[in-house]
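To begin, one chain is listed below as C-alpha cells, in the form predicted on its own.
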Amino acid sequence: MTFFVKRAIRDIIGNRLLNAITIVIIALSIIIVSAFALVVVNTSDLIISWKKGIRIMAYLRPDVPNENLQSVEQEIKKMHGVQSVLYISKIQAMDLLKKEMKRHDSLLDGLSENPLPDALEIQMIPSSRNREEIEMLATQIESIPLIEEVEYGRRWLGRFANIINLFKLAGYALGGLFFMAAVFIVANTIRLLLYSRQEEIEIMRLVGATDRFIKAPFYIEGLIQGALGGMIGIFSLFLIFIFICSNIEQTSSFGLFHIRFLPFDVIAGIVIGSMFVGWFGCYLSLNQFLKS
C-alpha cells in the first residue's frame, strides 16, 4: 500500500498541470453544490425556528357572551394538537398595537372606537407543527359558529415549503450535473496519464503484473484528487461564508436569525462524495483502457 501511495503522489507531482486542472474543477463543483446545501440547511433552520413560534389566531364575532366564550375555549382545547388557548380582548389587542407602534401611536388616537376584534391565540404542540395538521386544525376552528375568521400565515407557510422544495430540487439537479462533469474530467485526465505510460503498462503486463497491481496507484490518485478538490472547495466556501457574514453583521443593526455553516456530517459526506467522484472517474478510464 505504501508503494502504491508513493507512486500515486509521484504521478500527481509529475503531471501537475493536468492534476491541478482536475482538482480545481472538482473544487468548483463542490463549491456550487455545497452552496446550495448551505442555503437549504439555513432555510430549513429558519422554518424550524419559525414553526416553534407558530400560532393560530381565531377572531371572534362581535359581542360574544362570556359563557359562550368559555365553551369555545374548552372546545378548542379538546382538539388534537392544541397546547394552549389564550383569550385576548380587543382592549388588550389595542394596547399591544400601541406598544408595537410607539413612534406612530398618535395615528390610533383619532379612532372613535376600537376596530379590533376579540381573539383567541392558539399554540400548538411541537409534534403537530407541520403544514397538514395546522391547516386541519385551522379548518376545525373555523367551523365553530362563534369564530368569524382564522389566521395562521397560510400563504407564508406554503411559500416557505415551496421555496425549500425548489432549492432541494435545484441542488439535486446541479449535484447530478456537476457529478457527471467531474467524473468526465477525472476520467479524461487519467486516460491521458494512461496513454503517456502505455509502454510502461505493457512491460508490467509482460513481466506478470496483474490488473489489480496496475490499477491500484491510479485509484489512489483519483481518491487523492477527489479529497483535495473536496477540501479545497469546502474551505473556499467557508472563506466566502465568513466574508459574507462579516459584511452582514457590519451593515445590519439587528440579528433575527443565526446563519450557520454546514454541519460536520454534511462536510464529511461532501468530501467522501468528491473522493468517490475521483475513484469512479479512474474506474471508467482504467476499465476502458485495459480492455483495449
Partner chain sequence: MKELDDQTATIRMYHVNKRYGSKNALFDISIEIFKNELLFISGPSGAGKSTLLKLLYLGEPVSEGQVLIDGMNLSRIPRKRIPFLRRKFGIIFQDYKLIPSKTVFENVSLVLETQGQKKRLIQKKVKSVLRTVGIEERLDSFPPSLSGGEQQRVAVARAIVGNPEIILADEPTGSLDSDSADTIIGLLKGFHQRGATVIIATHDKELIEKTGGRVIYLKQGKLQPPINL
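Numbering follows the first chain given and starts at 1. Just so we're clear, the structure is a prediction, and the values are computed from it rather than from any experiment.
Although not depicted, the form predicted together with the partner chain is the subject of the following passage.
The partner chain is not shown here, and in the predicted complex it never comes within 4.5 Å of any heavy atom of residue 126. Proximity of residue 191 to the partner chain in the predicted complex falls outside the 4.5 Å heavy atom cutoff. In the predicted complex, at least one heavy atom of residue 210 sits within 4.5 Å of a heavy atom of the partner chain. Among residues of the shown chain, residue 173 is not one whose heavy atoms approach the partner chain to within 4.5 Å in the predicted complex. Only one of 206, 169, 86, 91 lies close to the partner chain in the predicted complex, with a heavy atom inside 4.5 Å, and it is 206.
Note on the interface: of 211-219, 138-146, 115-123, 175-183, the segment with non-hydrogen atoms within 4.5 angstroms of the partner chain in the predicted complex is 211-219. Contact residues in stretch 260-290 (any heavy atom within 4.5 Å of the partner chain, taken in the predicted complex) are limited to 290.
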